[in-house]
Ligand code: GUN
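What follows is one chain in structure tokens, specifically the form predicted on its own.
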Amino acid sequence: MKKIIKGKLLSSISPLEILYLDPGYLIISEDGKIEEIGKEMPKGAGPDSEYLDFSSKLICPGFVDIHNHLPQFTLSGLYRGNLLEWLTDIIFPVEERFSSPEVAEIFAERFFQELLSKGTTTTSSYVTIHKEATEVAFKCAKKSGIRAFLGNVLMDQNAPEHLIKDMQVLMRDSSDLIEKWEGHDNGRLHYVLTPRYAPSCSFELLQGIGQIAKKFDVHIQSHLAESKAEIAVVMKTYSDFENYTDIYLKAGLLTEKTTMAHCVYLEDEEIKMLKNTGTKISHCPSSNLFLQSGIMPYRKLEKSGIPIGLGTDVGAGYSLSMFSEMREAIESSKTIHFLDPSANYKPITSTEAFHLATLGGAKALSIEDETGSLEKGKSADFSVIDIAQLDVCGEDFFSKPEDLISKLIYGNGENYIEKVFVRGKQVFNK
């Protein structure tokens, strides 16, 4: 049965352009695609269509979180100094627990429900090194209805003994998971090759990952230039390479389906490497601040033409809310302006942040033809938000779309999400 959706439609067209229809209408096909979008009641739905009237509510695209860690989401706010200390003291001990499929299932079920409750309909997530835990994560993602890119973390050195495996075992695990899950449910679920970061991988392993990526044409995700301490370890481990990015380049890991998280301290030559290979960037501002890593130079990377999306990271981030991440992206960019007013650095606007959290994220995952905005032919992935609670006096102060976005970002918009749909099917109800 087709659905007719009525509400205040809000969607990103570009970093500077917003579509806003009040009222607006969507016709959703039986297979969950947007057939029509417009200002007037559509005539092509037919008398048997299901009509959902959200006239007073906001309908916006589901968020696309392109970098987070499934095992970490309950650890938000546990501070332990810098990145490397935090990994050793907090994260690795928790990840060891994922050798138990029962533990993995508890985490995964809660994780995906938490994402959906925050309006996130697409996630790109790291699991752990455990193949069974990754299987469990895929099963839970399938059940939840979310769109997910998932991968077992790949490490064969410089990590606790229980979190490393022989390269050949890792290659076999990845191949098995690819064959079972890549493109599952008509492309809703994807496997993504996930080397944690260069120091935890031998170069032979990185090369092997690159070969598998080429063979199966799958996505790759990893970390790059997150902190100065990390870079020092990287260059000590890989002293024969030109720079951090050069390691990934020579291993064959920089592709149009690769996303590198953080990218705080890239040299100009590294930026060129990413641009020339079609590699994308995940901006994780809350994590960068929480672990004292630094502030990503957004404008410089944007100017290079590299596609950029947002990642909550979690638990280095504060929450799985993309509204929170949008807020931190804006505020951290203001800090750059404060530190050097003479540079005329323009902070990120609310409209730009909204783009990064939706269509920009979809472009970073190369799925912009499928999701990220409310457009004809795309999947009906969206949230229904009770915006009346933003203006309790009923004065309609936020009628302009850019003001409405700003109020949602700074007013904890995730608290007002009532329903979430993926492929036209309701997957969350408050």
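Note that the structure is predicted; figures quoted are calculated from it, not measured. Note that residue numbering follows the sequence shown and begins at 1.
The same protein also exists as the form predicted together with guanine; that form is not shown, yet it is the one meant from here on.
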Tell me the stretch among 46-54, 367-375, 30-38, 64-72 that has any heavy atom within 4.5 angstroms of guanine in the model of the complex. 64-72
Does Ser125 make contact with guanine in the model of the complex, using a 4.5 Å heavy atom cut-off? no
Is His219 one of the residues lying within 4.5 Å of guanine in the model of the complex, judged by heavy atom distances? no
Please check if His262 has a heavy atom lying within 4.5 Å of any heavy atom of guanine in the model of the complex. yes
Are any of the heavy atoms in Phe323 no more than 4.5 Å from a heavy atom of guanine in the model of the complex? no
Among the candidate residues Leu193, Ile348, Leu83, Leu163, which is the single one with a non-hydrogen atom no more than 4.5 Å from guanine in the model of the complex? Leu83
The listed residue (Leu291, Ile281, Leu356, Ala141) that reaches within 4.5 Å of guanine in the model of the complex by any heavy atom is Leu291
Whether Asp381, Lys419 and Phe421 jointly form a contact site for guanine in the model of the complex is the question; each needs a heavy atom within 4.5 Å. no
Contacts from 223-259 to guanine in the model of the complex (any heavy atom within 4.5 Å), listed N to C, are His223, Glu226
